[in-house]
Each structure stands twice: as structure tokens, then as C-alpha cells.
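Okay, so here's just one chain, in C-alpha cells, the form predicted on its own.
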């Protein structure tokens, strides 16, 4: 390698230093914390793997994993697929600005506002949903309790983020050459066939990116669960982030909380690698628009 090429590497060093400081160092420090015995926030002794062996016997952890994957499955439909369909609908409107603005608006609201609003909608006594179904004589439903807990929270998430993903898909579809769309009309393809067989395949790379965003977002979900499920004695809606926060700050179990953080990081990285590998095989080498 020439001296000139060596100089080019120097331009990468600041970015690597920042990445290491922001990403690698905290992960390593968290792993270091997980090897200590703690008395609340005071370290006592170093060199234990007890916190990692405890992961296999934690019943709340298993439920958290199940709820997390269930939440991600719901939001892939309620956020990703719904956003994709909304983008297709917006593409077929002559003036879609108002339509897009209505569905995008929830994303600009603070989480506390969204959570408080939907708590009132879901309320068992005096809630909007139960008032509506009460008109037809149905009994009130506990929307934020089993077995509807995860679905109810996912609906709120879908209401919040579907418009965001609609905007991403819409921007990608807008780059598809009009000649391709005109050819599909000449060939006799209807709107739905054009959408699913032409437009969606041409934005497959964006679909993979959206899946990554939804998956990582699912493992970071905390605010909606914390606001909507402040009283959840059965842990019907507990997910990994809420279990982690409760372990750290409510139980003040720093060592086990650090082990949970390491586990959560490994799970997210593994899932991203799977999505990236499968995504490359599915999308292949296609033209991006």
C-alpha cells in the first residue's frame, strides 16, 4: 500500500474513534459490570458468572422474549405492511398531501401524549372503545389485560408509526419511472396487481430496511409499554426493555441488569445479521429507484 493510500486511512480514524466511544465502549463496560457482585449500586467482588447462569432460570425473561417477538410480529403488519399499503393508496391520488399529512401527524406527538390518549380510549370504565361497543349491548372489554395486552399496545404503535413508514415507501415509489407504470397499464394490469407485482418488488431494498427499523424498534420499545401498562401485576405486557429497566432501577440489581443488557444486545445483533443475510438473498441485485 502506498503512502498516499495510508493517508486516506487517517480520514476514517475519527469516525472509528467516535463509533468506539459511543457503541463499543458502553457494550464492553456493561459486560464488565455483569461480572461483578453488587450491593445496590456498590460493587463488592469481581469474577462471577452467576448473573448469566441466572438468565436460564428467570421466568419473567421468557415471557419478556415471547412478548417482544409477538410485538414485533404485530408491528410488522400494523406499521410496515400498513405503511406500504397507505403509500400505494397515496400514489394513486392526484393530491395526496392532505392524506399523507393526516397519517404522518401522530409521529410528531410526544410519547406521553400518545400513551395518555390511548389509555383513555382503552379504559375499561368510561373508555371510548367500551362506550362504542356498549351501544350494541356488549360487555366492557379489558383492552390492556390478557389476552389482548400485546395486540392493544401494538395497535397504538401502528397508529403512531404507520404514517412514518408510509412516507418512506412513498418517497421510494415516487422514484419509479413513469414509463414502467404506463407499461403496466397498457398490459392490462389493475391497480392492485401493479402495486404488488411491480411497485413492491422494485422497492424490496426499502422493505428490508423497514424490517430492520421495526425489529430494532421492537427491542427498544419502552415508553408506550410504561405509559399504557403502569399497573400490570400479571406481567402480561412485559417486554425486554421494561424488564431491564425494572431490574436496574426498581430492584437495583446492577449485575443481573447488565447481563440482561448484554443478552439484549446479542439478540438484536443476531437478528440483524439474519435479516441482512436473508434480505440480500431475497432482493438480489436489483435496480434501485
Partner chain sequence: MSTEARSPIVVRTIVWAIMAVVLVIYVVPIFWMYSSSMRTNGEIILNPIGLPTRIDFTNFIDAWQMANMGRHFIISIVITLSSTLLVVGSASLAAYGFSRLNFAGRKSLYAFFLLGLILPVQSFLVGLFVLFRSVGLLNSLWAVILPTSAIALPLAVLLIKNYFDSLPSSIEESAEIDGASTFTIYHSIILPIATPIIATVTTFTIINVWNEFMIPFVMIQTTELRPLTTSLYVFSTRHSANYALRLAALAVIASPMFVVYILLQRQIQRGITAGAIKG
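Think of the rigid core as the biggest set of C-alphas that the two forms share within 1.5 Å after superposition. Because the structure is a prediction, the values reported are computed rather than measured. Residue numbers count along the first chain shown, from 1.
Omitted from view is the form predicted in complex with its partner chain, to which the following refers.
Enquirer: Identify whether its partner chain in the predicted complex is within 4.5 Å of every residue in the set 46, 148 and 275, based on non-hydrogen atoms.
Expert: Not a single listed residue reaches its partner chain in the predicted complex, so no.
Enquirer: Since only the chain is shown here, I'm wondering whether residue 223 would be in contact with its partner chain in the predicted complex (any heavy atom pair within 4.5 Å).
Expert: Residue 223 belongs to the contact set for its partner chain.
Enquirer: So in the predicted complex, is its partner chain close enough to residue 120 to count as touching (4.5 Å, heavy atoms)?
Expert: The answer is yes: residue 120 has a heavy atom within 4.5 Å of its partner chain.
Enquirer: Does its partner chain get within 4.5 angstroms of any non-hydrogen atom of residue 138 in the predicted complex?
Expert: Heavy-atom contact with its partner chain at 4.5 Å: absent for residue 138.
Enquirer: Considering only heavy atoms, tell me if residue 126 and its partner chain come within 4.5 Å of each other in the predicted complex.
Expert: The answer is yes: residue 126 has a heavy atom within 4.5 Å of its partner chain.
Enquirer: From first to last in sequence, which residues of 168-183 have any non-hydrogen atom within 4.5 angstroms of its partner chain in the predicted complex?
Expert: The stretch 168-183, when checked against its partner chain in the predicted complex, contributes 168, 173, 174, 176, 177, 178, 181, 182 at the 4.5 Å heavy-atom cut-off.
Enquirer: Taking 2 Å as the cut-off, check whether the CA of residue 29 shifts that much or more between the shown form and the other one after a rigid core fit.
Expert: After core superposition, the displacement of the residue 29 C-alpha between the shown form and the other one reaches the 2 Å mark, so yes.
Enquirer: Could you tell me whether residue 209 and residue 23 have their C-alpha atoms closer or farther apart in the predicted complex than in the shown form, knowing the shift is 3 angstroms or more?
Expert: They are farther apart; the C-alpha distance rises by 3 Å or more in the predicted complex.
Enquirer: Pin down for me whether the residue 249-residue 19 Cα distance shrinks or grows in the predicted complex relative to this form (closer or farther, change of 3 Å or more).
Expert: Residue 249 and residue 19 sit closer together in the predicted complex.
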